[in-house]
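A single chain comes next, written as structure tokens; it is the form predicted alone.
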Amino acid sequence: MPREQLFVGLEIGTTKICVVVAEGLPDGSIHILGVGETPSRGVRKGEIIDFNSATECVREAIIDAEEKSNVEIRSVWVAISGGHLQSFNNRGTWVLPNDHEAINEEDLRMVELNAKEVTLPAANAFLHTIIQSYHVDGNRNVIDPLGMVASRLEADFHIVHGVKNRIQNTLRSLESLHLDVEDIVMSSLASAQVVLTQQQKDQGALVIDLGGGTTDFLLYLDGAVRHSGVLALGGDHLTNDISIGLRLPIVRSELLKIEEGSLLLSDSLPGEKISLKNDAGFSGCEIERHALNTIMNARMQELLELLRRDVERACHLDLLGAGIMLTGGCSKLRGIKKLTEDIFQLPVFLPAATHVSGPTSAFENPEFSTAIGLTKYANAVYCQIPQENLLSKIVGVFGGFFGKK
């Protein structure tokens, strides 16, 4: 199997480290060869806070993936999350030289550089510059301007940036494991690759990735990314609220959330109790199911209402013709679909990964969406870019984070 057809996606999450090894196919689909995972340590709200612990967890997940896929992993495509990530939309303008016969690749590069002529916070660096549309001599929404005769080229971009040092912590962790980083990708952008079809992107859709420490989201309108962001809230906050509210250990609260909890207040009978058995260091007790559901509902409702207000600042919800796609570990919580529909007043779906083959336990599990999406993103990059131009693209995207290459 040619080396360039193998891709490895790595997500360093708050609750787990996930590694997906996949073969990219010419039709744009991927075939999963193996999935490695391990509980996460040293990561909070999507960011590394204990370098050595997080690095050891990544090493364990890499070894697990190698054993399950029978592939030696030397390079990875990495997901990035965290509340420090920010985004905005901007237009670049480029006046073509008089001696130009037609728009070429250099003109596209120049209009992108022009769009990035903005002042970022001193600690921040560019992560993504995602094309939305081109405008050629006033002709709007040109799909591909290459080869067109023009005097003025404009382009709208969705630009994502984040704190450089925080991103570097992830990259240095992988360097210490002697892993090459092919590219770094915003988590929600990776997840969107497997939960959205092109038709849904064209219709307008919102992807919400509900993780343990963060909630990542990405908005598509007319086939292009129009808005994105990260809320530093996730499933761990529900667990912590349960622990405090019901005076239970964190581990017991997490199990209770997953096995018994619901986000809907209607999912309990008056006086209904849940019996918790004795365990090491824990004396069994009974709790009211309604109390558990009330705690979970309050926190998730707060999260979703914060998200709705953020999205509404970017577009009218009525424009999201394809509705909302939920993914991530917390999308498996009871009642999440109904609660999200009530808050956004839009249809909500819990999709499995599309155009993916391999173990169904992998691509049907929303916890793996980001890591799987990384391999699909990687395959798209390789399919669209000639091999001799690939390295220059990667360096252009994130070479500055390393201070080398």
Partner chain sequence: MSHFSSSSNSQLSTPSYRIIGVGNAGVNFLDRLLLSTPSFPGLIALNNDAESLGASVVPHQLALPASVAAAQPLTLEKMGVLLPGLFEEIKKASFLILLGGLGGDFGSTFLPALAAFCKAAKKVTLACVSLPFAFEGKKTQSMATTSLLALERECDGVLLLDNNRLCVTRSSTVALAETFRASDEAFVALLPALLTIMLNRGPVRITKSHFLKALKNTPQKNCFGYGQAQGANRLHEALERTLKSPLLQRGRVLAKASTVFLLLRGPKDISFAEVQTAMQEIERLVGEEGDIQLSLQPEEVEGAPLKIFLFATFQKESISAPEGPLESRSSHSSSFMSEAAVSSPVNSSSSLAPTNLGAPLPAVRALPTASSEKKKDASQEINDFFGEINEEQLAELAPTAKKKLSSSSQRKSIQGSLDLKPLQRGRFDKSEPTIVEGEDLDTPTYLRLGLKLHGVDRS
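What you are looking at is a predicted structure, and each value in this text was computed from that prediction instead of being measured. Residue numbers count along the first chain shown, from 1.
If you look for the form predicted together with the partner chain, you will not find it shown, but the lines that follow are about it.
The candidate spot formed by M110, T119 and V160 is out of contact with the partner chain in the predicted complex: none of the three has a heavy atom within 4.5 Å. Residue contact check for I73: none of its heavy atoms lie within 4.5 Å of the partner chain in the predicted complex. Although the partner is absent here, E286 is a contact residue: one of its heavy atoms lies within 4.5 angstroms of the partner chain in the predicted complex. Among residues of the shown chain, M325 is not one whose heavy atoms approach the partner chain to within 4.5 Å in the predicted complex.
A residue is said to contact a partner when one of its heavy atoms sits within 4.5 Å of a partner heavy atom; L246 meets this definition for the partner chain in the predicted complex. Heavy atoms within 4.5 Å of the partner chain in the predicted complex are found in one stretch of 169 to 177, 217 to 225, 138 to 146, 278 to 286, which is 278 to 286.
The contact with the partner chain in the predicted complex, taken as any heavy atom within 4.5 Å, belongs to L306 out of L306, V95, I258, L319.
T294 is the sole member of T294, T197, N165, S151 with a non-hydrogen atom within 4.5 Å of the partner chain in the predicted complex.
Residues are counted as partner-facing when one of their heavy atoms sits within 4.5 Å of the partner chain in the predicted complex; in 221 to 236 these are A232, L233, D236, in sequence order.
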